[in-house]
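There is one chain below, alone, in structure tokens, taken in the form predicted alone.
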């Protein structure tokens, strides 16, 4: 079920909101409940979730979206059982080994949001290599939030500004200065945030960037998400009126 319609409008800085959404962010929730309903292990649920992520990225590109951000592992997920954490880390390693080359060949830029420093050394190296090897690609941007938390991201950004000020840099704190220190620096904020599983909260995801995003909450579990669900969410986005603290303006005209 789509969430109730909300009103938004003119983009910050003036001007009409561009036809979109250009950037879609997704909270991929429900792998465990999907597995329980199917009578299979949680590991099978996570594997089915990875397949849904692949479908979502392909569908987004077909729908004209140019940036997708997927929330795959939060800073709070380390509290899960060790066996489950090991499996989730293994899925990310598998992504780098099996999907990255294909994505790179298709002009996809890969960015991994979150705290890289506390990742296992081999995974940290894979993350850095993935970002470096695809940095010049411009056809599509795939951001994967892994070991990510919105509050942690803002704290790290503020700490970076403080270090620069202590080293003699500009001590003035502005929205632009802080945004430039975020993991998403240089990438437009999400137009649309989708969450599956029926939960209606953002769970520490893109707290800064989603200030004026449209939100859609879906009752289905993440492994069941596909192109039809994305198309329906985008259609709902086009029907909404967006506000950025100003006058009402149509979010986008349906194609």
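Positions refer to the first chain, counted from 1. Bear in mind the structure is a predicted one, so any value in this text is a computation, not a measurement.
Omitted from view is the form predicted together with a small molecule, to which the following refers.
Though the partner is left out of this view, residue 189 does not reach within 4.5 Å of the small molecule in the model of the complex, counting heavy atoms only. In the model of the complex, none of the heavy atoms of residue 230 sits within 4.5 Å of a heavy atom of the small molecule. For residue 84, a non-hydrogen atom is located within 4.5 Å of the small molecule in the model of the complex, even though that partner is not displayed. Using a 4.5 angstroms limit between non-hydrogen atoms, residue 143 is distant from the small molecule in the model of the complex. Not one of 65, 69 and 184 is positioned with any heavy atom within 4.5 Å of the small molecule in the model of the complex.
Of the candidates 52, 27, 216, 206, 27 is the one whose heavy atoms come within 4.5 Å of the small molecule in the model of the complex; the others do not. The listed set 164, 80, 116, 94 contains one residue whose heavy atoms approach the small molecule in the model of the complex to within 4.5 Å, identified as 80. Remark: of stretches 132-140, 108-116, 70-78, 151-159, the one touching the small molecule in the model of the complex is 70-78 (heavy atom within 4.5 Å).
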